[in-house]
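So this first bit is one chain, no partners, the form predicted alone, shown in structure tokens.
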Amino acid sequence: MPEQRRRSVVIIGAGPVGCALATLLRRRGTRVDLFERASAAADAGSGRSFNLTLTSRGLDRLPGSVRRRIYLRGTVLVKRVIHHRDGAISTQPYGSASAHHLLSVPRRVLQNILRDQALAAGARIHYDSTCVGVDTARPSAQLRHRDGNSTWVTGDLLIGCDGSGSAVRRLMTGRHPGDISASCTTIEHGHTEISMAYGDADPTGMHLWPRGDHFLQSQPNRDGTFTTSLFKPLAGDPLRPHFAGMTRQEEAEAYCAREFPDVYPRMRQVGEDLTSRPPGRLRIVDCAPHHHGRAVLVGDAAHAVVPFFGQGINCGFEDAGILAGLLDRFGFPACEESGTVVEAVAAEYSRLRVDQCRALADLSMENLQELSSGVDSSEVLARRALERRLQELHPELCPSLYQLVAFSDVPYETTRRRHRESAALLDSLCRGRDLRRDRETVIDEFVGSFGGRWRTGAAN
């Protein structure tokens, strides 16, 4: 098809998900323009970031050549390494197979790889372009440029991929409040990065220090460094919050010395790290539907979740793969009249994604309890050992919740429902029992009761 007749897509936002989607669309022959409000030379680091953790759910949506480049720059993590209050260390594998691992990648590294791949595929990225208007019927977006001038850009499909603070979402809901609704809330926990010399630690695991309602997390990088972040409730002015109980450097240093004594000597400037700038806030975005007319929202613009399941970026890549697949299925690249096709694709995309993304938001908040305290509880550890044994003996019957969420393509809502049903049965069988002594008996009873109701490949 001649270039001038190719179907065109306008993407607002050139972050990792936007660039991944651009690559997928370009490989299908679609003309793609991305508009990014930041400058080309902008520093992507905020000083309070954490690495992105990719799993097969998201990675499998990317082209093989892109996956290979990410693996060359990322770090494979196969387990959690739990640092308990008493100084003991335990480990928890992420799954039951070699494919059940995380790929930890600094955000900036992932951004650079995906941007370069989008450009190599033929996408065009326009920087210093802020979205200030949308028309979902044409569809088109109004961009204000660095020189103050504004222009309208039009395509066959408009995609808002501009993050949790999405301008496209705000403009869509503002113009069509009866057709699309959205909410954006922040949770009490915030996060910030801590400088910690930890290069001699186990580089194959995600290190966690669970401490009640807060935890420290340290992720190894390919170069031998670790990205370390504190997650803790916030206090103070919402516009300039601080970690509860930490308004001065001495308080921050005392807190870390008390809570993390095994690594406190390695925190060279922790007092300054924790008090010199406001911690980052964590947002939850809920939007329904994910489209209006011929415009759709993808990634955090539609469904930002807290990072406690590490699935936000993976869900965004899943969005991208599903949207690209729908465009193929409905014949978008070669259609003569795009309007009806795009509207059908947008409606089907919303139908497939809204409930799934809400389920992930719930799962992510529920996992906060496990990261903060559950992984450090002796009772939970005994229960976890029982579950691991059950999964070893009957992997097709009872895969772990984490395994289904991270390493399968079973819909999030189905995964949540499966887990709740199996957990309720296991709870009833464990009640009042010594899980170390009666473990095998409980497993036999569970298998007998649950039977073949769920299999890893089941659709619902």
Ligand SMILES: Cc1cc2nc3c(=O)[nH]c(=O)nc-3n(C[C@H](O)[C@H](O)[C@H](O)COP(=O)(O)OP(=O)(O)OC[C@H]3O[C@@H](n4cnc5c(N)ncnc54)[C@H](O)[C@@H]3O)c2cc1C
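Because the structure is a prediction, the values reported are computed rather than measured. Note that residue numbering begins at 1 and tracks the sequence as displayed.
Beyond the structure shown, there is the form predicted together with the ligand, which is absent from this document and is the topic of what follows.
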Considering only heavy atoms, tell me if G163 and the ligand come within 4.5 Å of each other in the predicted bound form.
yes
V345 near the ligand in the predicted bound form, any heavy atom under 4.5 Å?
no
Contact label in the predicted bound form: L52 to the ligand, heavy atom within 4.5 Å:
yes
Although the ligand is absent from this view, report whether T130 comes within 4.5 Å of it in the predicted bound form, heavy atoms only.
yes
Can you tell me which of 286-294, 337-345, 181-189, 308-316 lies within 4.5 Å of the ligand in the predicted bound form, counting heavy atoms only?
308-316
Would you say all of I12, V17 and E36 touch the ligand in the predicted bound form, counting a heavy atom within 4.5 Å as a touch?
yes
Within 4.5 Å of the ligand in the predicted bound form, heavy atoms considered, which of A201, L282, L77, I113?
L282
From I125, A361, A167, V153: within 4.5 Å of the ligand in the predicted bound form by heavy atoms is A167
